[in-house]
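First, one chain by itself: the form predicted alone, in structure tokens.
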Amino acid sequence: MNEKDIKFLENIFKKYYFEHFDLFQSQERTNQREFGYQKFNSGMSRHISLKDSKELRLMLIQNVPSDVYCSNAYYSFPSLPMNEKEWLEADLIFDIDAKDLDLPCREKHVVGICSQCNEISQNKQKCSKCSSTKIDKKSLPCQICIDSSKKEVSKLVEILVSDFAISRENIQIFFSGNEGFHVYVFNSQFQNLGSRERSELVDYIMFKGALPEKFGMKKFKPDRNSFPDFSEGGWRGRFSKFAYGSKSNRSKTISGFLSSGYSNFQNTLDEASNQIGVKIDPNVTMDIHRIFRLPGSINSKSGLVKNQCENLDKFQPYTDSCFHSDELVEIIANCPVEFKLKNKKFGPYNNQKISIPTFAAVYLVCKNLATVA
């Protein structure tokens, strides 16, 4: 990113920090968390300890970071190197991202930027100009991406509440600021779990590694009465709805399972995992030392804000997380796909000089699909 674009974004970000600091969520036990930040075109600064929101605000204004982070973990000494911090516990955080959902719509709104010659096109495998295969992919997610991600969030919350008895009051949902959602679980029985235990929790939520015996199928002398029913809770009940479709089909479906055998039933469980398991990023939840984007901060991949979804169904990220002004900015845009922000459509643009609202200009510059004129 060139200096002119960096200066443009830094001015916009600094204005946001001044005018919307109230959107930054006060972190519980702030002085026990590790903070970090990244500046445009520079590396990460982390192992930072802050006492309160005043110190956070001072850090933002002095450094004008492109991204701000905070740990899910609590430490005795958060500013020391990792092996000296003395880990105490960590909140449980899940990451649901549209890029992991294998949605067919992505072919229409993922743009490729050649790392060799900077050619921009919708060819995501090979540069159409120099034939390089080093392509940086940029996504401009659509409503289908958001709606699909919301469905995964709803599935996750239902499992957390019904299977693990977590109070909804201890679950918070945030738009990530780009193309997904973060689900936070506070004050739960999982605070003290290590990485290995969290890995097992992830497998359960994703419905990975399910054994046929747990769902009624045995290698020898299977009993049709052992198969799950619609009225059951947990994954047996969810599998019933997936496998049978309706109560009336249960007997016929079980007969099919018995005739197909153990191996085919395992294939059915694997298919169920892809269909009804929650599509979360397992590495995020397992990591008890990760620093996460701070709620209320800007995501430099889009210029949009990571903010809380009080009502997931009504939440519209490309309106509700778009806080920059409508003032017109002149840019040179090279974006071969259409996108929508604040209920306005933009693009496609073919390397042309245009005047568009600041919020849209920030979005394109952050994605390296435009430069300030």
Partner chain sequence: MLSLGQDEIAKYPFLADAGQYLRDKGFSLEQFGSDPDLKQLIIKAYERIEVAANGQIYKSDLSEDQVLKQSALPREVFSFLLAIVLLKLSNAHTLIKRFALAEARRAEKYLERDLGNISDESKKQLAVKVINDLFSIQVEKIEDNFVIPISDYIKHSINFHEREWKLINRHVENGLVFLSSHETVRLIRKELGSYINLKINNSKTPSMIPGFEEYVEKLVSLSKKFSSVIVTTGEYPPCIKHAIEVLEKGENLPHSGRFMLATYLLSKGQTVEQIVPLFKNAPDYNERVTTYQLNHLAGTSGSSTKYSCPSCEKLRTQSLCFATSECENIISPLQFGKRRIS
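Numbering follows the first chain given and starts at 1. Please read these numbers as outputs of a predicted model, since none were measured by experiment.
There is another form of the same protein, the form predicted in complex with its partner chain; it is not shown, and what comes next is about it.
Heavy atoms within 4.5 Å of its partner chain in the predicted bound form belong, among the stretches 100-108, 137-145, 248-256, 81-89, to residues of 81-89. Put simply, residue 193 is close to its partner chain in the predicted bound form: some heavy atom of it is within 4.5 Å. Contact annotation for residue 158: none of its heavy atoms lies within 4.5 Å of its partner chain in the predicted bound form. Although the partner is absent here, residue 170 is not a contact residue: none of its heavy atoms lies within 4.5 angstroms of its partner chain in the predicted bound form. Contact check for residue 181: every heavy atom lies farther than 4.5 Å from its partner chain in the predicted bound form. The contact with its partner chain in the predicted bound form, taken as any heavy atom within 4.5 Å, belongs to 235 out of 235, 265, 227, 175. Think of it this way: in the predicted bound form, its partner chain has a heavy atom of just one of 127, 153, 201, 93 within 4.5 Å, and the residue is 201.
Candidate site formed by 4, 39 and 121: none of these residues places a non-hydrogen atom within 4.5 angstroms of its partner chain in the predicted bound form. Counting a residue when any of its non-hydrogen atoms is within 4.5 Å of its partner chain in the predicted bound form, the hits in 20-52 run 46, 47.
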